[in-house]
Ligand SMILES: Cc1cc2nc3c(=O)[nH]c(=O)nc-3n(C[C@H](O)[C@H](O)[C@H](O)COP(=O)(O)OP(=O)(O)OC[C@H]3O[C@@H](n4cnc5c(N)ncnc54)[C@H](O)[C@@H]3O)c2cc1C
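The form predicted on its own is given below as one chain in structure tokens.
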Amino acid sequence: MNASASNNFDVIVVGGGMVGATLAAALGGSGLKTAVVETGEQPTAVAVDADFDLRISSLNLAAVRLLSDIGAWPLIPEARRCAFRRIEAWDEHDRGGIHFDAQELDLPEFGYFVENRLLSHAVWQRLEALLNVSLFTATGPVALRTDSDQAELELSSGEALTAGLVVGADGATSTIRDLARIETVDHDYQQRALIINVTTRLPQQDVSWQRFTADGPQAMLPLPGHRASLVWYGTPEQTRELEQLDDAALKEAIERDFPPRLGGIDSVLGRGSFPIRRRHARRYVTERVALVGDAAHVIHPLAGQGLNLGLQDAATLATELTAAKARGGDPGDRHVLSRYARRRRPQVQAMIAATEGFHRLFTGPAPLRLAGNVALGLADRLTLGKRLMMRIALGLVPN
């Protein structure tokens, strides 16, 4: 533990994952005394030649810029990043499709695919170098008390921390959200996503593609070299059946059911699955508490925007807290927190609506799926609309 002598802070960030750690790092130059509380251990280094992990995220340009600003991006080895410059989506019968190219926006790329563990380690390296940040690991919150002046957080280690603001960055099952009595609106899509790391016969590609089927999307996320991460959505029963296949049988199923453009695979390197659910906090803020990332919102992963939304939460909240500090204000002031919520909630709601719409269009009855296919084709021909869609997805539209 890298804790300061005093347990009084300006901001306590509960959850040292990618979003929480990034928020704390973004506060590094603010002068705000910050604590990070993480139930797990500090992330460890990953060998450059280690096998690729299943947990991979899409980082848009806004996320990359934020990580660059806090000094974490250069700490992620280039050999483990994969840039993508094109995005394509179409239906299972090739009746409709939409194509995006970074050149259309005069950009070198749309973003990168990066392993979560590498991102976490890079950000924690930055946290260790910040004098205003104290790290509490292998402990978590057990009680939260707030009043008009401050918040007090009791940890499982027996320590008690006080601060002007407690930030819940502790994921979809957030303890801070529960302790703050913030309710959520939940929906179970009755789907699971099977993640499969493979070696491909084709060399590294710069395109991420997705094909919509009645059971859910099939997606290819490129990785460095002859590697890719495949995402295969289906019913829980279908997904578990696939997950239990041996490598040879799973390889055969992929080559049979995935689009021919995959080009064939040489081997299955790993697989894992998770349920698809939506969860949205009814409030992002309450007295002396703010929520960020999955603690505030979990969306359908088909657009790959979950982490990007969380990092935008971190950037927005850091901006508001830094501005409050510069004014000599209180980081937990309700006006400061309200501005954060007003800036973030509309953008998240718009992304929830978009992913919900795609899900319903392409997994609904045949007439609805046909309408979705037609809509994709029309959208592909609307140049200005495509540009706006991409700028929003890349985080280039101010919130």
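The first residue of the shown sequence is 1; numbering continues from there. Here the structure is a predicted model, which means the values were calculated and not measured.
We do not show the form predicted together with the named molecule, though everything after this point is about it.
Of the options L127, L307, V198, A324, which one has a non-hydrogen atom that comes within 4.5 Å of the named molecule in the predicted bound form?
It is L307.
Exactly one residue in P222, P141, P217, G164 has a non-hydrogen atom within 4.5 Å of the named molecule in the predicted bound form; which is it?
It is P141.
Please tell me whether any heavy atom belonging to V37 falls inside 4.5 Å of a heavy atom of the named molecule, as the geometry stands in the predicted bound form.
Yes, V37 is a contact residue.
If we define contact as a non-hydrogen atom of the residue within 4.5 angstroms of the partner, is L61 a contact of the named molecule in the predicted bound form?
Outside the cut-off, so no.
Taking any heavy atom pair closer than or equal to 4.5 Å as contact, tell me whether A193 reaches the named molecule in the predicted bound form.
Within the cut-off, so yes.
Please tell me whether any heavy atom belonging to R360 falls inside 4.5 Å of a heavy atom of the named molecule, as the geometry stands in the predicted bound form.
So R360 does not count as contacting the named molecule.
The named molecule isn't shown here, but in the predicted bound form, which of 330-338, 48-56, 27-35, 346-354 has heavy atoms within 4.5 Å of it?
Answer to the contact question: 48-56.
From first to last in sequence, which residues of 10-35 have any non-hydrogen atom within 4.5 angstroms of the named molecule in the predicted bound form?
Sequence-ordered list: V14, G15, G16, G17, M18, V19, G20.
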